[in-house]
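Before any questions on how it binds or moves, here is one chain, the form predicted on its own, in structure tokens.
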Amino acid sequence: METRLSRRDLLRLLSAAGLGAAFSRHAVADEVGIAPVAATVPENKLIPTPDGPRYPAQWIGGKVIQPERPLTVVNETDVLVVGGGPAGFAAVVASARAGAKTTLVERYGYFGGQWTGGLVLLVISSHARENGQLVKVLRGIGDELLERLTRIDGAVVNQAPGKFNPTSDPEATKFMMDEMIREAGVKVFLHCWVADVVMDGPVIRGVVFESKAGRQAILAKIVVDATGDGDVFAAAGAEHERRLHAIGLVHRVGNADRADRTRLAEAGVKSLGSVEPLSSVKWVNLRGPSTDCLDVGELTRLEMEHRRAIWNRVQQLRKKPGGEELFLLQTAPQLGVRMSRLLTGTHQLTYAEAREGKKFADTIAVGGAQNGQHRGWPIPYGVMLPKKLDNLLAAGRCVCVDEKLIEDSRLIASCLTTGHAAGAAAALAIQTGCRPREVEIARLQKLLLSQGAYLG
């Protein structure tokens, strides 16, 4: 009779023969070039559980009560940027390059937010139309990232003269963000979720976050809220509004270059998805229903329902003539949240102002056209400034715009440019010893131009 061994049985036998550890090490990729921080320690070493006071929530009088407790301050910094998506990435690089001690807190284990984790690979609104000419409005740090991606084979398409709305590979983008953040000397805390803020009256002094290490705090002279959902300014009590928007889930289809497009078209399949840098892959957007992204129950329901629907769709494609080689390569690690909170700033930029190209004395960025066909729209500094709270700036999709302009302001190119401006403004406020709302606009614009930004 034939005897079949499972992998676990095999490893058990190899271990008994003294070969288990060596065998298991070869089951994973070698960690080339990754040096230990300190001396090598044995694996599986028992670490004593630290003693100390605990402050668990308590059940008192039918309510869950969290008692007062001291928090460990793990870092003190000039500029703290919360959120490492496109806006947060650009903000920390701009701030650090301008000389400010800069720290970044991100809830996932990578940078890029919806651009990488959400698989929203298309950098829409990189250009606008001025006097009949296609003009790049996404410049500075965001454009530098895309230009550096052109040096990597298969990392980006449509990042070239005469092209607009480039599309980048998510893993290459994560890698290059890592490189630029590391080069800038930014202190980074990944896997940390904002829990609260540290307030001194109307002035923010830092952020409280949760991680596997528990609840801790980072103190900062200026905080940039680049969470996308306005988690920081909402916790700080800044005036804002909440909006419902479509929440989808992006996915990627593999072996697209092996599909028989002619036979698929005859079977009624018009498209496998949109272009990616890799010829074998197509990405597919999903709008999803309009609902509340701050409702964890809704997020849970949508995540599971979207994933089930995507799986079924790809299996149906595989059953069609010409689609047999297709497979589901990936569903996005992050739900496609488009909008939630909007700051009520010292200026609300309106759709009408944007479409008429209204000029502002405090312009700190220029938004582009989704199709590259209309003029650019100047973005004033006031969209990032809370009305009353100090030492706090917003950047990315949560800045102050009206309802009609949301579809433009939430896009990756706009997030990169407002993030760049927020980081530069924060660093300048540190240098001059003033509050962000007191920053001299002419000096801020000069700094942004020196970092390659486009102001019209």
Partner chain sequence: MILASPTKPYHGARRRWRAALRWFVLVSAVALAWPLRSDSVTSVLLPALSPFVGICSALATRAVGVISLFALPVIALAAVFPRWFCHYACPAGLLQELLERFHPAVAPVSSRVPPVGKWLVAVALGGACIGNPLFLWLDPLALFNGFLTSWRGPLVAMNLVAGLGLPLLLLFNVFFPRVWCQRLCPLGASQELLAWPRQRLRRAAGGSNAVTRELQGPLVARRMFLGGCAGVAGVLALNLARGGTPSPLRPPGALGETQFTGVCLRCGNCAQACPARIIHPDFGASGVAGFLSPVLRFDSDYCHEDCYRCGQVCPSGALERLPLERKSLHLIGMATVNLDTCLLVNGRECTACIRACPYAALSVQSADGGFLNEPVVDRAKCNGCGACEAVCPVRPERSIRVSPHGSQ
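It should be emphasised that the depicted structure is a prediction, and the values quoted were computed from it without experimental measurement. Numbering follows the first chain given and starts at 1.
Not pictured, yet referred to below: the form predicted in complex with its partner chain.
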For this session: Determine whether any heavy atom of Gln373 comes within 4.5 Å of a heavy atom of its partner chain in the model of the complex, and answer yes or no.
Result: yes
For this session: Using the partner position in the model of the complex, report whether Asn165 sits within 4.5 Å of its partner chain, counting heavy atoms only.
Result: yes
Exercise. Any of the heavy atoms of Arg287 lying within 4.5 Å of its partner chain in the model of the complex?
Worked result: yes
Exercise. Though only this chain appears here, would Ile124 touch its partner chain in the model of the complex if you measure heavy atom gaps against 4.5 Å?
Worked result: yes
For this session: Sort through Arg258, Arg215, His191, Arg355 and report the residue having a heavy atom within 4.5 Å of its partner chain in the model of the complex.
Result: Arg355
Exercise. Pick from Arg338, Arg139, Lys282, Arg341: which has a non-hydrogen atom within 4.5 Å of its partner chain in the model of the complex?
Worked result: Arg338
Problem set entry | All of Ser274, Tyr351 and Asp408 with a heavy atom within 4.5 Å of its partner chain in the model of the complex | yes
Exercise. Of these, 266-274, 169-177, 111-119, 201-209, which stretch puts a heavy atom within 4.5 angstroms of its partner chain in the model of the complex?
Worked result: 266-274
Problem set entry | in the model of the complex: members of 251-265 within 4.5 Å of its partner chain, any heavy atom | His251
